[in-house]
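Single chain ahead, written as structure tokens, the form predicted alone.
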């Protein structure tokens, strides 16, 4: 029988946006016994969350004033195009609340947070979990169990904002990896955003030979399914994510294209793709064998942010707060 652990913080959490990620955060926090409530622009989604037993509203101003009055933690989980409007509302109605987010780019969000005058109470967040589905109906309290949840530790990150952002991820069942915003964006361009673009390309390529298009669909099995899974994500969400990280994604795509060109040349000239299969297999094996090292973060003293970033680089994860 599992034992219910106490939440990592008793500060209530306000989740803005109740789609797949935000709604799953609300569900996971409820499972953990952490006080939480949410807002969604669509009244229908807010009503569905309320009908499921959660505290949800479609009134943004009232929701934010509630968060401000209690000094709660706000988690922004809206699509990138909606960020500026939501952050402006946070600045107007909840300047005394703590702020984090669940957006898959960090540098762009940090710049928007700074433009709204909210940097002094902000630590960025990115749960590395998801599915190809969206909306409240796709939410799952177990979505983040065992997942990695990045919390940014840039030089201007306040210690209390970092602690509270990390507590949200921990109470959702994840482990925390500290990272800088820029290095986060460079990494996810290679292991997430470029993957979306490549998945779209593979899906399109399967239909480019008119003579074999229908047969290709009939024969497609697990390899095609697994490689193209994320191509099932709504294009608007993929566009917003990739375009907000354009510079890092361009570098990643350049390297991906170079690998494919080299593989094609090797096949054309020597009749083999041995180099890329050997190197790809070795890279995947390193991923499979990677080990996480738990550590307790120290959030005081000069340079604590840099120390956390270095620990994250070395494979360290935070599974509990001291």
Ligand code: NAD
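Since this is a predicted model, take the numbers as computed values, not measurements. Residue numbers count along the first chain shown, from 1.
The next section is about a form of this same protein that is not shown, the form predicted in complex with this ligand.
In short, of 214-222, 247-255, 100-108, 172-180 it is 100-108 that has heavy atoms within 4.5 Å of this ligand in the predicted bound form. The closest non-hydrogen atom of residue 158 lies beyond 4.5 Å of this ligand in the predicted bound form. Though the partner is left out of this view, residue 41 does reach within 4.5 Å of this ligand in the predicted bound form, counting heavy atoms only. This ligand in the predicted bound form is approached by residue 131, whose closest heavy atom lies within 4.5 angstroms of it.
By the criterion of a heavy atom within 4.5 Å, residue 89 is excluded from the residues contacting this ligand in the predicted bound form. Every residue of the trio 19, 78 and 82 has some heavy atom no more than 4.5 Å from this ligand in the predicted bound form. Checked against this ligand in the predicted bound form, the residues 195, 237, 231, 142 give one hit for a heavy atom within 4.5 Å, which is 237.
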